[in-house]
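What follows is one chain in structure tokens, specifically the form predicted alone.
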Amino acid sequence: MVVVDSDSEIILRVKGPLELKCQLDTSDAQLMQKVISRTFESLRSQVKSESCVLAVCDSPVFIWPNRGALATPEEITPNAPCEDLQQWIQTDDQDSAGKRSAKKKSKRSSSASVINLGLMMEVTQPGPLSAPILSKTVQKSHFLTTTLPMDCVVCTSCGDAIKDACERLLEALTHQLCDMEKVTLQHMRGPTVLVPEVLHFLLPEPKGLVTVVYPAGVSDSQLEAQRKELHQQFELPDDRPYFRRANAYHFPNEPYKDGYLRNPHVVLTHPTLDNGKVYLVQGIYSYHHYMQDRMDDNGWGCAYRSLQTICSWFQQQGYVERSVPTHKEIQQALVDVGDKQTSFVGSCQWIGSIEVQAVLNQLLGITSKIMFVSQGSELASKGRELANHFLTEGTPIMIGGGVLAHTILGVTWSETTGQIRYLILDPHYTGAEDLQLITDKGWCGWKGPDFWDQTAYYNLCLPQKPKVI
């Protein structure tokens, strides 16, 4: 089992290129496959050779895993615990001269649970040098060259010896080369091969982090048979995706490139109610709010932003492949279904829960239930329905009342007393992606029943997740 933020476990991740080069006789398909297999075997021998080197990223540490885990600097011994590597990793802190400090860091100063290593090969060999010998052969052949993106992960305890961890990393690298060979041969078309693509997936406990090799350029829809095999192999239910590319594990030391905050609610403390239970959104979503994407929708775009948050959930759980729709795409979808006139596209007109339901169905093929509440005071009696939604569907809920829209991410509800608190993601925020400000000021936070206008009517859009893999 992998617990990414555990103090007692470390993820060791090795990445690096290996060059696949071979000369093929295109007239013989079986011979081409044998040549490629021999080339992969040669790469596996390289990984097991003494020239294989693991370089700890952002540090002066180099390890020769096939030479008894010999390492530099000399203070690092093969039997030293893996956590000792962290003290050599430089942080982004700068010294007074403005340069990154090269001093050793205290073990306790590093909160990283992931140690990144680079896969390298020594090209120089000890011993006397010999003169090169050149030969020339004239023949018609096909020369295949491609770069294999090696990316292996093992989970180890902080106290495990470095040499033991290295053995596991080498085993993982060798196994990954076997998987890459299988994928390469399976999807080979004549002398053309597809580059293998490595993805990591965090499965429910106790299965943890697993690695899968897919052929790059082949869409998720074409890999359904392979995903079915993986679901059977890991005894996973067949009603939700686990192995689509969008499900790939996002390592904690890698920032998201699109700039949106993910799951800001996870830093919040849950409210305590008598016999209360917490029911939360399941999975990952992006926080969409006013003024993002160079779009000034302040005062009218809150439902659009709530809809975008919902769409991001379906995209990041792997249910859909399309990107989060823009305001214009949302408006065009409502025109396409006959809900709005053509002049609606490009306008600043607000939408409500019914429109959100229509867009989800039109753009994503997602169905939704609508809950009607004649006045805000009645929302306090909807605890059971809301709790059941997060328990069974786990999707964000859009709620609209008057001209305001919000996103409900969860509830704390007591079946015995009926008390309830709502976890609200507020799309009316206009500031920067500052997690502390957003949570401190309540833009993402727990609210009581008095948060709602007690006399206004509300419509809630409860998206239903499709049963797909």
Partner chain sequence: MGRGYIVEDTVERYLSKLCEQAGPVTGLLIGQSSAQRDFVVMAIRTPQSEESTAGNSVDKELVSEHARQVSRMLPGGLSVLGVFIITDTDVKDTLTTLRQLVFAVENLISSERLWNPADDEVTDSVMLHVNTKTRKTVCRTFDVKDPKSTAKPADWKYQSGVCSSWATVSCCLNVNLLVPLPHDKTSAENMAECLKEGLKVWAHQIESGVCLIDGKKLPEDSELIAGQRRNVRQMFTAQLLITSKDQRLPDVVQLCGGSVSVRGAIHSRAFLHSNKPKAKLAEKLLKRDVVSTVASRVQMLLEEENQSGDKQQTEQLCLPRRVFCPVKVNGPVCVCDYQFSDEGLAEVIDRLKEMLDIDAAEEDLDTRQEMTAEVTESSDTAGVCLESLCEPAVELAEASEPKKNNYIGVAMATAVALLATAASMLYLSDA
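The model shown is predicted, which means the values in this text are computed figures rather than measured ones. Numbering follows the first chain given and starts at 1.
The same protein also exists as the form predicted together with the partner chain; that form is not shown, yet it is the one meant from here on.
Margin query: Can you confirm whether R38, V53 and V138, the three residues that make up this candidate site, all sit within 4.5 Å of the partner chain in the predicted bound form, judged by heavy atoms?
Written below: Spot residues vs the partner chain: full contact, yes.
Check: Of the options T72, N275, S381, S323, which one has a non-hydrogen atom that comes within 4.5 Å of the partner chain in the predicted bound form?
Finding: Contact check passes for T72.
Notebook entry, point to check: Looking at L391, V267, L129, I370, which has any heavy atom no more than 4.5 Å from the partner chain in the predicted bound form?
Noted result: Result of the distance check: L129.
Next item on the list: Using the partner position in the predicted bound form, report whether F143 sits within 4.5 Å of the partner chain, counting heavy atoms only.
Entry: So F143 counts as contacting the partner chain.
Item checked: Proximity of Q226 to the partner chain in the predicted bound form, heavy atoms at 4.5 Å -> Q226 belongs to the contact set for the partner chain.
Next item on the list: Determine whether any heavy atom of L170 comes within 4.5 Å of a heavy atom of the partner chain in the predicted bound form, and answer yes or no.
Entry: Because no heavy atom of L170 falls inside 4.5 Å of the partner chain in the predicted bound form, the answer is no.
Checklist line | Distance check, Q23 to the partner chain in the predicted bound form, heavy atom within 4.5 Å | finding: Q23: yes, in contact with the partner chain in the predicted bound form.
Next item on the list: Work out which of the listed stretches, 394-402, 335-343, 113-121, 313-321, brings a heavy atom within 4.5 angstroms of the partner chain in the predicted bound form.
Entry: Heavy-atom contact with the partner occurs in 113-121.
Notebook entry, point to check: Is any part of 229-252 within 4.5 angstroms of the partner chain in the predicted bound form by a non-hydrogen atom, and which residues would that be?
Noted result: E229, L230, Q233, F234 sit within 4.5 Å of the partner.
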